[in-house]
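Coming up is one lone chain in structure tokens, specifically the form predicted alone.
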């Protein structure tokens, strides 16, 4: 990996279970628990796991939609000067958010239906960097739309006039207009038809190669993530359980939870892309017990209650994320 564009260390976030002015304080949802990773220049890092595992919360902590309770977020741009993201305020925070852009899962909700596509794309540059030349913005927005597979004539239309795949292309174009260093893609293909998923993934691959762009790619589909990503971190209950290069993880994912995700892929329908052979679903089943609620802080291994290999040590002691081979990390006593 080249020098990291962004580095995360010991990130934690919990939410108060109850809301409102008169809500009691003291019951929490433990969403992110000691997460650490880095993303290199022109690298795609994937966060994969079931719904509710903390993937989206982690991504939103990176852009300060949520404020982290603990941990460090360090951004390193082309000038290689490290920036403490959690300490940024005012103008510095706005400049950082120009360099790290977020593409949401549902474009129908993230695009204002009352605005023209031109206004959707250019509201960021107009209000953050003070660009007021409408002709220059129009030309730039038209070029970005054509880059993502639409046309300049679409600038006068509104989001409701487009299909779901086209709206996702507009969301991607909006992020690219600011020429970011890192693009966070939060489940950008999960709501799309299978045929459209492949088109969007190939578009993102083309964009990455042309722009030397780094990606944080969030998904629950392991097959899609292994096709698109260079490295993958597998999350469960707010923790990274395994991290490895995508091809290696697909061939030899060894954490019981990773095996569970593999078996789910093998048992499901064919995905939008062709990847390496999925490990045999005849491996021992990982699931044996109930899921521990996120309102309870795990004492031992977070996956112990569902793991057929778990013993007393797994329930009472917390495993560390350790290197088992070069660039391959796993959080399991049994590995």
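Owing to the predicted nature of the structure, the values given are computational and were not obtained by experimental measurement. Numbering follows the first chain given and starts at 1.
Below, we turn to the form predicted in complex with a small molecule, even though it does not appear here.
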{"item": "Check all three, 164, 171 and 191, heavy atom within 4.5 Å of the small molecule in the model of the complex", "value": "no"}
{"item": "4.5 angstroms heavy atom contact with the small molecule in the model of the complex for residue 33", "value": "no"}
{"item": "Residue 66, heavy atom within 4.5 angstroms of the small molecule in the model of the complex", "value": "yes"}
{"item": "Close approach of residue 62 to the small molecule in the model of the complex, 4.5 Å, heavy atom", "value": "no"}
{"item": "4.5 Å heavy atom contact, residue 39 and the small molecule in the model of the complex", "value": "no"}
